[in-house]
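In structure tokens, one chain follows: the form predicted on its own.
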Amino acid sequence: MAETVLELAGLSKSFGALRATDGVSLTLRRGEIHALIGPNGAGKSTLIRQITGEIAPDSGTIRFMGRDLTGLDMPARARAGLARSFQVSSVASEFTALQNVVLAVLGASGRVFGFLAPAMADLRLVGPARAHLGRVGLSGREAVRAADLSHGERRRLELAMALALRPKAFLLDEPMAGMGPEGAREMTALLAGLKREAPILLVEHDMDAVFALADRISVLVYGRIIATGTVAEIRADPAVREAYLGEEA
């Protein structure tokens, strides 16, 4: 069995009377895409926010590369190798694509520049940034402001910024959101190759993409994992078909 990179054990989080996550346990293994699916309000985003350190769980543990991250803040988890892309794009819209990725490379390097201009003149930053843009299919778009990129290109830019962090795992929150069929196909192909770089925990509503990409799927309903398995196992699970896929069991 492949090495476990990320392990969640018994994560629970309540907001007043609402139990957003309820004893969630799952693993992410090296070389895989593990998709997390479930209806709106199931607790997927709350779970991701606990993994990244944006909010603290009430109970449970988060282990990453054998290290307990449960008490660490967001920057410490990012430095440990967790790279997140958001459901709503987080790029700096006034900067060019290249400037955005240079800033990400700079952040990963630990170096400090008072202004962006000196960083843009440093080939040790610009060279890797161009390479990351090439990896996600944005060669030739380096000088375009992020605000002027298409929706799909901004999602690609966000992935390039994540790559700049040299991650040991990706947490991707609905990378297909807002894309048309062609954009979703292109992103699916990109993610299929990306898992060789680092395993991916994928939150996604596009079931065609999930079934095409996932090595394993976990189904979250009302804050609880009701099933984990391969695509074939999840398709055949009566509880999943009834609770999420909208079919009679």
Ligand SMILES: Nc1ncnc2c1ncn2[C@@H]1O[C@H](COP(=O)(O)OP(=O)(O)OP(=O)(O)O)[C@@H](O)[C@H]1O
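Since the structure is predicted, the reported quantities are computational estimates derived from the model, not experimental observations. In this text, residue numbers run from 1 along the sequence as written.
Below: the form predicted together with the named molecule, not depicted.
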Which of 211-219, 56-64, 43-51, 186-194 lies within 4.5 Å of the named molecule in the predicted complex, heavy atoms considered? The stretch 43-51
Which residue among Ala20, Leu11, Ile234, Ile225 has a heavy atom within 4.5 angstroms of the named molecule in the predicted complex? Ala20
Since exactly one of Glu142, Glu153, Glu174, Asp122 fits, which has a heavy atom within 4.5 Å of the named molecule in the predicted complex? Glu174
With the partner left out here, check for me: in the predicted complex, does some heavy atom of Arg29 sit within 4.5 Å of the named molecule? no
Heavy atoms within 4.5 Å of the named molecule in the predicted complex: does Pro39 have any? yes
Heavy atom within 4.5 Å of the named molecule in the predicted complex: which residues of 178-197 qualify? none
